[in-house]
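Here we start with a single chain on its own, the form predicted on its own, put down as structure tokens.
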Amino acid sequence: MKKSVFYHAGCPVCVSAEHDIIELIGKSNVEVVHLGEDKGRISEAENAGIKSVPALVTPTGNVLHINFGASLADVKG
């Protein structure tokens, strides 16, 4: 089964959402990507349709924007 991918930038809103997502769907069902630490994956997030983080991409490709921590433009710097 394909995993969901949770993208975030490390801000308090993102970290809180990460903990909730892991608790809801299980650590083995989600890949966590910290875009502040892995800027090479920002284009991947953009291509998936992410406009802001935290956001979750489901195995079917749906993008779920969760709250608002930072825009991808802010993450790019």
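Quick caveat, the model's predicted, so the values are computed rather than measured. Each residue number is its position in the shown sequence, starting from 1.
Keep in mind the form predicted in complex with another copy of the chain is missing from the figure; the text below concerns it.
The candidate spot formed by 31, 36 and 72 lies out of contact with another copy of the chain in the predicted bound form, as no residue has a heavy atom within 4.5 Å of it. Residue contact check for residue 66: one or more of its heavy atoms lie within 4.5 Å of another copy of the chain in the predicted bound form. Taking non-hydrogen atoms only, residue 9 never approaches another copy of the chain to within 4.5 angstroms in the predicted bound form.
Contacts to another copy of the chain in the predicted bound form (heavy atom within 4.5 Å) from stretch 42-66: 56, 58, 59, 60, 62, 63, 64, 65, 66.
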